[in-house]
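This document starts with one chain, in the form predicted alone, laid out as structure tokens.
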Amino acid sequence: MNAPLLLNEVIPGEYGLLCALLIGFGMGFVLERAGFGSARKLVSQFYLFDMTVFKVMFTAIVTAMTGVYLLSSAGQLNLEQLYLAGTFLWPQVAGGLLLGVGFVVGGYCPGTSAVACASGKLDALANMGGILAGMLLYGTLYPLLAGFVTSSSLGKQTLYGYFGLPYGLVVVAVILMAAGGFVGATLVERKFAHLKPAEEPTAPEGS
């Protein structure tokens, strides 16, 4: 059996949306429990006194990469069946910068804004409204932007393919990079700890 499960009909196609719903619910629950439903928690990484977002996302990348490598090595996952988006260098650089600015200003990325909306945060609802408006504007202006959006195509790229390295070696290198990133992030947190806002006092019981 080679995953993906839906593609190989291990899970019937009619259950695809149900699987997506359950996976999305699980991811949203984990993000909320990790504190990613709070704009203050998310934006604090840009002020360098709380690098939790960096650590959690790097952990997710390393976990997924290691899992994919081990499953493919064991013959349980066919890498050719995994969807891989194409690389368009300058459009993706511009999109990354735009997303980063929106993240800092709005306090959420698209995924975390959905998480915060589910917990009833009004700022997240406003942020989601901005995302939807941006999508509508992009769709409307796409004919004018199409030339740029499809420019500087590099095809479908992977680290191990681009550098011509064994997949396992790239996995080890990314794990070591993550370990170094964790150490560096912890040092940065300590250096900028003085910027962390003081905790608001809680009201005594019965007040």
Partner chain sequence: MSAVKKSSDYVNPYLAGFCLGLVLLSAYVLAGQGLGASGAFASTLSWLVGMVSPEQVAGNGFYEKYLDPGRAPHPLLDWLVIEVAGVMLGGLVSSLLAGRWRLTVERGARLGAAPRLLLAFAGGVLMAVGAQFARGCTSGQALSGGALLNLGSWVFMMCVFAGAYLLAYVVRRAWL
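What you see is a predicted model; the values in this text were computed from it and never measured. Positions refer to the first chain, counted from 1.
Missing here is the form predicted together with its partner chain; even so, the following discussion is about that form.
> Would residue 75 show up as a contact with its partner chain in the predicted bound form if we use heavy atoms at 4.5 Å?
Residue-level check for residue 75: no, no contact with its partner chain.
> Just to confirm, residue 164 within 4.5 Å of its partner chain in the predicted bound form by heavy atoms?
Because no heavy atom of residue 164 falls inside 4.5 Å of its partner chain in the predicted bound form, the answer is no.
> Applying a 4.5 Å heavy atom distance criterion, does residue 23 contact its partner chain in the predicted bound form?
Residue 23: yes, in contact with its partner chain in the predicted bound form.
> Would you check, heavy atoms only and a 4.5 Å threshold, whether residue 139 touches its partner chain in the predicted bound form?
Yes.
> Any residue of 173-193 with a heavy atom within 4.5 Å of its partner chain in the predicted bound form counts; write them all down in order.
Heavy-atom contacts to its partner chain in the predicted bound form: 174, 177, 182, 186.
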